[in-house]
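Have a look below at one chain only, the form predicted alone, in structure tokens format.
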Amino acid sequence: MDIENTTVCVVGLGYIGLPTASLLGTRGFKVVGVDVSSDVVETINAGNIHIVEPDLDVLVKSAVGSGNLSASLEPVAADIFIIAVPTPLSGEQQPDLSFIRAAVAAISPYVVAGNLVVLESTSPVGTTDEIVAAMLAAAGHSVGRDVHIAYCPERVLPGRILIELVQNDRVVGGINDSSTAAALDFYQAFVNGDVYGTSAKTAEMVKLIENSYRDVNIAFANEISMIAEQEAINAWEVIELANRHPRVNILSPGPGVGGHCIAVDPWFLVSRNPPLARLISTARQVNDEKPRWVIEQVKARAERFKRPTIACLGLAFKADVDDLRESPAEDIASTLLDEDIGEIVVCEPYLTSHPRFELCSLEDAVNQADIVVLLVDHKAFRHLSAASLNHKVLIDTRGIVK
């Protein structure tokens, strides 16, 4: 592929779209990133970022400074279009694909023969064929012959996105063989990991079962943690010792499951195949109910105080990021506030403000607290010990306080 003469339009400049656009820009592609937010567009065009991700600020500044990356409110003509928009859940755990439909409609006037359109948004099986290809075909494009269409899910971990975009293996699936070949040619130009070609539906299902596998395993760990608590046993010690078995690898429990992937993707399989996805559905219910179990643990300990001060440590969905999407920690803190369990103080070192909470330092949160609820295993919290908490009531949902 002639990178320097290949143009790319990335629709959606969030946690996947912006790192992808900036990476491509530093590799020599001419990239225009598209977002519906004028604030996001202005921020990026100034060489700055609106999300927290290690080294992303340097990459964006470099890509913008070189002239290879710019941001816009509207799509532009390009050789390759990447759709990286949100796919949230709507009511009753059904996938909301309206952002994908809007993105396809927005790029359609700019698509011409020879283009490659890639959907990267996590989607139910069939979305690439039934929405992206179908909409472009209905708009008069010669889909699968002159216009190639493929699906390529991201496989990155927040906090390591820039590393994993390049190093991780990728799966690309086209709506036909020529589309798969075109997508392989593109991703092999900047991915150091292996890139595997398949069909669009297979690639879509690969992404969903990767995160469903993890969700089922976390649900198992979360059930263990609740049973262990009932038996007055340390769940993390039990799991650590069980994992000494050569064929056992239990994940770590937590206050629930968050993020846009593991907490959402399994429902995409369930929604399309309800009678067949019974284990996946049950795991989702276990993990969705875990925050309520944590809240009940807090309420039980709060009974010994007239009106306790409860310090919630962490709001993000995982350690060392600012991402609140589907965060069980934020859900727990908000519910404790709504149910007026006591005075709620919050420390979240990766945020400067929050619409519901006045954030404070770790020291202030712990000093004020009668009950400390550790919800996120941020590095900033890992030095805490039972002794340093001065025998305050501790509910450690991450098992890091020794």
Ligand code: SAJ
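The shown structure was predicted, so the numbers you read here are calculated from the model rather than taken from an experiment. Position 1 is the first residue in the sequence shown; the rest follow in order.
Keep in mind that the form predicted in complex with the ligand is not shown, yet the notes after this line are about it.
- Out of 251-259, 266-274, 91-99, 130-138, where are the residues with a heavy atom within 4.5 Å of the ligand in the predicted bound form? One stretch meets the cut-off, namely 251-259.
- Please check if Pro291 has a heavy atom lying within 4.5 Å of any heavy atom of the ligand in the predicted bound form. Heavy-atom contact with the ligand at 4.5 Å: absent for Pro291.
- Query: Is the gap between Ile163 and the ligand in the predicted bound form 4.5 Å or less for some heavy atom pair?
  - Reply: Although the ligand is absent here, Ile163 would stay clear of it in the predicted bound form, with no heavy atoms inside 4.5 Å.
- Query: Taking heavy atoms only, is Val156 within 4.5 angstroms of the ligand in the predicted bound form?
  - Reply: Close contact exists here: in the predicted bound form, Val156 approaches the ligand to within 4.5 Å, heavy atoms only.
- Using a 4.5 Å heavy atom cut-off, state whether Val118 contacts the ligand in the predicted bound form. No, Val118 is distant from the partner.
- Message: Between Glu223, Glu210, Asp177, Glu240, only one gets a heavy atom within 4.5 angstroms of the ligand in the predicted bound form; which residue is that?
- Response: Filtering the options by heavy-atom distance leaves Glu210.
- Item | Position in contact with the ligand when the complex is considered in the predicted bound form, options Lys318, Arg170, Lys201, Arg301, heavy atoms within 4.5 Å | Flagged contact: Lys318.
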